[in-house]
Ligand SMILES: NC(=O)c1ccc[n+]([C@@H]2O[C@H](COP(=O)([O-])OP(=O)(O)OC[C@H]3O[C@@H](n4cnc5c(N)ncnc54)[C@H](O)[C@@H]3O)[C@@H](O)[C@H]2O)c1
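Quick setup: one chain, the form predicted on its own, written in structure tokens, and binding and motion questions come after.
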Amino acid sequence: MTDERAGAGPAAAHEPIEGALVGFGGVAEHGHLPGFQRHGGFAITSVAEPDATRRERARAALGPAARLYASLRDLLAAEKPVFVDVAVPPALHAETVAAAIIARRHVLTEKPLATTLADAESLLAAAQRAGVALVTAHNWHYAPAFRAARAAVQAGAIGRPLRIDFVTERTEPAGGPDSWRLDRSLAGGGILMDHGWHQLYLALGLLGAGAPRSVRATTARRRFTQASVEDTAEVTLHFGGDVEAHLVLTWAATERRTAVTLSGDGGSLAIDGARVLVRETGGAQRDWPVLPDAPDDSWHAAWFPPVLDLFAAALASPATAAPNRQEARMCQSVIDAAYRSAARGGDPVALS
């Protein structure tokens, strides 16, 4: 039987921590669940999913012993999981995470934490009051190339970071032209809310400049003109002095591309696929070592187990997740401000 106390781990160190998965769409089936299975320290024993076809896919993935429910309310009425993993569309995050916190369950959630800063702050405060862990899955931190880039920065390879240029180009959103990501009522925002969240926590981590002071942004519908959200965004963050970040994102590109350049006062580095290239001030260029990783896939299941290491530590001590909570709040704050800037034609918006 699972211990009902918030913060309680397994009865013995070798027993997996039992949890529930809420939402069984593509990211849950191909990203989260394989990540749990690779990690081995957790066991998904129940699933809440309103779509009957998706519930059957969950049964096929988890086996006949899995307990399936049409809603989180039904699941929590019958089950006492140690944690809830939230993988529903973003516009449903706030109500789903809040319900789990009210039930005093620890929470791991897909990004974004919420779709507004007010909702994100409410969730963070509620988790702290309840004494439960709340972790947002920032799995791109654990991509081998970004790990290597952080190591290069920490080793002083480019001096003090001053500017990051981050380009994410896709030909369509995940799920294709009929994806729910193009529907504001489910997605809460467009590519800025989706890929932009990843860009933000990665850029903030690599720059290491603290909180930005202002943001300027523009958004557009270049290809998916009938969508209720943007398919293209451009964002510039100013951190004071000569430090800034420039982010470009689109679902209207002709080919898939991700390009990152980080410039410092002692050189620069570029992430080129799986390579990290460091260029010194004099022009000499060298490869920074990138540690091999498990084979990757489009759902990045190989990058999920390190997220679970953080989550496991937070179950024992919710305060362990404080940096993750601060990072999520920062991402939410910047995205809120970016949308306000875009609505004003790209005028700068100050961040507190």
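For clarity, every value in this text was computed on a predicted model and none was experimentally measured. Each residue number is its position in the shown sequence, starting from 1.
As for the form predicted together with the named molecule, it is not shown, yet the points below apply to it.
J.: Have a look at P81, P161, P90, P173 for me and say which one sits with a heavy atom within 4.5 Å of the named molecule in the model of the complex.
T.: Selected residue: P90.
J.: Which of T232, T236, T168, N139 has a heavy atom within 4.5 Å of the named molecule in the model of the complex?
T.: For this set of options, the contacting one is N139.
J.: Can you tell me which of 57 to 65, 284 to 292, 317 to 325, 44 to 52 lies within 4.5 Å of the named molecule in the model of the complex, counting heavy atoms only?
T.: Result of the contact check: 44 to 52.
J.: Using heavy atoms and a 4.5 Å limit, would one call V27 a contact residue for the named molecule in the model of the complex?
T.: Yes.
J.: Does any part of D194 reach within 4.5 Å of the named molecule in the model of the complex? Heavy atoms only, please.
T.: Residue-level check for D194: yes, a contact with the named molecule.
J.: Taking heavy atoms and a 4.5 Å cut-off, does G19 contact the named molecule in the model of the complex?
T.: Contact check for G19: no, nothing within 4.5 Å of the named molecule in the model of the complex.
J.: Check H198 for me: does it contact the named molecule in the model of the complex (non-hydrogen atoms, 4.5 angstroms)?
T.: It does: once the named molecule is placed as it appears in the model of the complex, H198 has a heavy atom within 4.5 Å of it.
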